[in-house]
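The data below hold one chain only, encoded as structure tokens and taken in the form predicted on its own.
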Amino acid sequence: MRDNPILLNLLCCPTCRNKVKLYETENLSSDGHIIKGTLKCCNCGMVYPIQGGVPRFVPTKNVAADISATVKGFGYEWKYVNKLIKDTHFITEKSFLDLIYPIQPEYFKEKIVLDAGCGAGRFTYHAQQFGAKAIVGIDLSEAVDVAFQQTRHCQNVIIIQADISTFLPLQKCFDYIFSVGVLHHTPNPRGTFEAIVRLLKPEGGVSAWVYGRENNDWVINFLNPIRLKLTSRLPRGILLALSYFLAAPLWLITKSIYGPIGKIDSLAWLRKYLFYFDYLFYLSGVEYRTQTFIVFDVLVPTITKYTTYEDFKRWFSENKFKNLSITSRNGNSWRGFGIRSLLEDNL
């Protein structure tokens, strides 16, 4: 992190909610980052380390085994797998905008933005490119180390390690929050959603993308038991090798069958007969290494939740968000956007 008052003022002590200040700066880099140091609460005196350029607000209590396993799995994914299959379709600017639809790049201009569950920081970087005033990327996994390297050249970005569901060391100061593909990997997705939206200013906006309950019966009834009992417990290197193996027939089927039928109008009548057509047609447009990434992503977590349209809509409506936009993505997931009501400053 940089010794930047604007970024520092976005942080707070998660214990008492008061401001924090730089207490020690032991190691400064040539590009102006504090690689090692300490933050200290101005009120209660709690101290939090800065390690590898990242402020660490990691819970000191034991984390539940399923949460820990999920966090470690995604940490491996972004820290190691990302090196092998980097620059995939899944993390491009186009994909990002698809996931946060109907938001467009101009919405970011001069806003203070939170990427809640930033992973390797690719979407944090896109938010910076779109003109955000300041961006915080937060994640509980070791992926924050990758995110820091991805964004360390950006003057207005800070990456922190913390738990978005229970341990939020951030001021209530954000104009826009987005959470892409993260909430459904927390024990209580709605509770986590409500935790992050408390950080919004009145009239601030929030985007979320979650796995849908609709059209995913085969995943829930067939794939999930395999994931829980086997693949999430495998050594990560073995799971990566398995993902490459499983992606091969997937790539062949999507490229040779789903792609042509989805693109050729005269074959449109066949689409209703094809299994999981919308999503597998989407996969026909991405490369083999991206499909490997997706297979690994599905098989690695211990926690995966699925949300119905009606429940997802209630996340927004019952927390008094307005101008709601809830849309399907590829027939198997939901993306939502809403604006926090000016009258609901007590979220």
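Just count from 1 along the sequence shown to find any residue number. These numbers were taken from a predicted model, which means no experiment stands behind them.
The form predicted together with a small molecule exists for this protein as well; it is not shown, and the discussion that follows is about that form.
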Consider the chain as shown here, without its partner, and state which of 243, 141, 150, 128 has a heavy atom within 4.5 Å of the small molecule in the predicted complex.
141
158, 146, 164, 132 - the one with a heavy atom within 4.5 Å of the small molecule in the predicted complex
164
Distance check, residue 189 to the small molecule in the predicted complex, heavy atom within 4.5 Å:
no
Residue 67: heavy atom within 4.5 Å of the small molecule in the predicted complex?
yes
Residue 119 near the small molecule in the predicted complex, any heavy atom under 4.5 Å?
yes
So, in the predicted complex, is residue 174 in contact with the small molecule at a 4.5 angstroms heavy atom limit?
no
Partner absent here, but in the predicted complex, which of 243 to 251, 119 to 127, 266 to 274, 228 to 236 has residues with a heavy atom within 4.5 Å of the small molecule?
119 to 127
